[in-house]
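Let's start with one chain on its own, the form predicted on its own, as structure tokens.
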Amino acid sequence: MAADNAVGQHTELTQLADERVDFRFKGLPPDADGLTVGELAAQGRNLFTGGFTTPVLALSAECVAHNLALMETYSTRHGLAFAPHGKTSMAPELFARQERHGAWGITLAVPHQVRVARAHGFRRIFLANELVDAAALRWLAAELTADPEFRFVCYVDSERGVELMDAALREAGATRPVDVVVELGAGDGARTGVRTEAECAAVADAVATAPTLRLTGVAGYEGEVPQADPERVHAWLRRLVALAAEFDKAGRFAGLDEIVVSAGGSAWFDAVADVFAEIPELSAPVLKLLRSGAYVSHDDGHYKELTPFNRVPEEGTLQPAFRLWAQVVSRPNPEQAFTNAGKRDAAYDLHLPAAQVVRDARDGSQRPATGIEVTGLSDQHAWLRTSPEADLEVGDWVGMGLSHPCTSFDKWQLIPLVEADGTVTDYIRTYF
């Protein structure tokens, strides 16, 4: 990570620039071995002529910057706090950039991810899961004791979960209560969360008897609403808001400086904005916390189809930032070619990669990937079907768009951040 991209309080991020480049990081120039990441970034090498090997995943610097700014504007316009889901990238530098663009904090899913964020200095973490692991709770208790400015919030969705949390925190000698929000499930057949309002009240009652916990709000994930459509999603979000109001009326939030109401994936944040605008005045200010995460890179498949900006184009447009570059290593016949990137390199759980551009190995010129279709992936090869207009030969580079950011980031430990002219300005370190 380039030193000039370090963000404010996160001095821990400077350690990323000091990491040595070597064989662990695929795609990087072999002659860069021994340099620090910061030294390599300072060289400003070109992705195509600077010694990078294929396959190599690139993130567009311009698209990432655009997406960060757009969601900052969107959140501000709709009066939402923003804790983007960090499990998308697991990249502390991107977390810091998200904070620089107005994020309240970072959402995470499991204890390991929280440890990564804490190791890099992040002090506001929302864990979108119930935490019942005793070892993780002991660690959390120590973190809360050591850092009075550390704010942590997590789900509770069962009385048994509350019992396990309380027992582990008592055993750990916790000195600060852990803030929890009751997770309202999205319906029968959905993922986690309490299914009925009566059961939510029972979980809240259990929290009230646990001195190691403090009830601070309600939350959930509208992306799990069965047969989701605008009407069903809006209806569930209104249930969530009504639950917060009912809890407040019953005095469950007495003494709080702030009540948390949280939802929001990457497919329905427009519905969250609509319904959270209807939250009535409660006994304390409401932190309306949106948690969408895939926006930072967006994609050329799943989220390109699902993004709410398709429904509200006047609000803006996200830009896909990923491009996977692979090299043609076999051209056995005019209808077929193979590149050297496969399942180990490309997301394939939702859609196959899409060929977008060809870089000619002879003269470096680029042209659209006309007549080229990715039809399958082996572990280390992409299968290409080619028509006569493809004009493809061994040695050419093929740039492919990817679907599903979460399973794109997790295949690469160090990702070049590339400007439109091919200059690599930075490297994004991931921790999966």
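Each residue number is its position in the shown sequence, starting from 1. Because the structure is predicted, anything quoted here is derived from the model rather than measured.
Heads up, the form predicted together with a further copy of the same chain isn't pictured, but that's what we're talking about next.
In the predicted complex, a further copy of the same chain sits within 4.5 Å of a heavy atom belonging to Val116.
A residue is said to contact a partner when one of its heavy atoms sits within 4.5 Å of a partner heavy atom; Gln43 fails this definition for a further copy of the same chain in the predicted complex, lying far away. With a 4.5 Å cutoff on heavy atoms, Leu28 counts as touching a further copy of the same chain in the predicted complex. In the predicted complex, at least one heavy atom of Pro332 sits within 4.5 Å of a further copy of the same chain.
With respect to a further copy of the same chain in the predicted complex, the three residues Phe52, Val110 and Thr192 uniformly fall within 4.5 angstroms at the level of their nearest heavy atom.
Per the 4.5 Å heavy atom criterion, a further copy of the same chain in the predicted complex is contacted by stretch 85-93, the sole one of 244-252, 174-182, 85-93, 313-321. A heavy atom within 4.5 Å of a further copy of the same chain in the predicted complex is found for one listed residue only; from Ala201, Leu282, Leu350, Leu306, this is Leu350. None of Asp274, Glu163, Glu72, Asp147 but one reaches within 4.5 angstroms of a further copy of the same chain in the predicted complex through a heavy atom, and that residue is Glu163.
Residues of 121-136 placing a heavy atom within 4.5 Å of a further copy of the same chain in the predicted complex, in sequence order: Asn129, Glu130, Val132, Asp133, Ala135, Ala136.
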